[in-house]
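Coming up is one lone chain in structure tokens, specifically the form predicted alone.
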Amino acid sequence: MATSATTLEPAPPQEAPRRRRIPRKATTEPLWVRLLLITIAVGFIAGFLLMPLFIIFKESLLKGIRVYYDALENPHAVSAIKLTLLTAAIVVPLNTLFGVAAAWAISRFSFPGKRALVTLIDLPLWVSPIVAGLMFVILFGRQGLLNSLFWSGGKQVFPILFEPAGIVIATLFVTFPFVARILIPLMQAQGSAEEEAALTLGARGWQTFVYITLPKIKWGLFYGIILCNARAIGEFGAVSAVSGHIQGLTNTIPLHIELMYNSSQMEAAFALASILSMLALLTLVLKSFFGWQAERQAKEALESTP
């Protein structure tokens, strides 16, 4: 009787465990690469941001404080400052109301044409400001599309072109996306659960907005208002097309700076430019603070969403 012998085969050699590839981080770049990138960034900021600001303030004070104040106390300069502040005082509240209403409608309701509304809100960001100004000239001009409503006997029935009203309308158009574009993603991220709970418990619409919605969006709202105000004060293209450059009547600060510069009144031009620069620096500080608060608020809303 034959017996079968079992032969033990040697175990196959085990493969050495593969080393896990750890993704390379930016901080592991060579020191010279990091120093080069930092130097480029700092040099760019110094050359294109800090140096122009330094030149503006230097030139504005080159002939002394007395000349600086005389340039600002000029009646035409005072008129330009007043018109700029008046325009911002009208435009910013209106755009704030529109931005809150648009963000509420888009983030809380579904309706036909919702995507089209979002696209139209972005329109002024893609249209050149000078084109926007010319658009209002075509609408409200003597030979414009609406001439029968605004002109009679060669005179404007409702003064818009070459009047402060035209500057307000043009500025309103180019600045209205800012508040809405900040609030829409913020309110969408936060959701509507708290508002729905408040309404279920018997709260009215305005109570829900004041006590629940507004505190949740306040930092984003401030951020949008700062951006809107900065654009309203510094707008040039659209305002230039509808103003007529009338000194003492329709010249804003940017238009008056251009006029002074073209007429070789450099002290007056740089004096007003320094005012705009100080407003820009203040806006930058407030924008950074409110932007940080809005980002933190949005992050907390995303973390609390189930």
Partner chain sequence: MSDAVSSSIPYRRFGNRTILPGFHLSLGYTLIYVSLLVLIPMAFLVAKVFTEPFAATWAKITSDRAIASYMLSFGASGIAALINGVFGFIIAWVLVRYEFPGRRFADAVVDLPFALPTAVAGISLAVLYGKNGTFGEWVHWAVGPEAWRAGWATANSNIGVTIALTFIGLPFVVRTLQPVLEDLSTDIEEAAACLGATRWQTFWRIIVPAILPAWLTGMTLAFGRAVGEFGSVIFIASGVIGRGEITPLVIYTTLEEGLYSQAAALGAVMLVFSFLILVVVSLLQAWNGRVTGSASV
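Numbering follows the first chain given and starts at 1. This one's a predicted model, so the numbers in the text were calculated from it and none came from an experiment.
Another form, the form predicted together with its partner chain, is not on view; read the next lines as being about it.
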* **Any non-hydrogen atom of Glu73 within 4.5 angstroms of its partner chain in the model of the complex** => no
* Looking at the partner-bound form in the model of the complex, is Glu195 within 4.5 Å of its partner chain by any heavy atom? -> yes
* Asked: Quick one: is Asn262 in contact with its partner chain in the model of the complex, heavy atoms, 4.5 Å cut-off?
  -> yes
* **Contact test in the model of the complex: Val67 vs its partner chain, heavy atoms, 4.5 Å** => no
* State the residue from Leu85, Leu117, Val210, Val78 whose non-hydrogen atoms include one within 4.5 Å of its partner chain in the model of the complex. => Leu117
* Structure fact -> Checked Ile225, Leu172, Ala165, Ala189 for heavy atoms within 4.5 Å of its partner chain in the model of the complex; positive is Leu172
* Residues in 64-86 close to its partner chain in the model of the complex, defined by a heavy atom within 4.5 Å, in order -> none
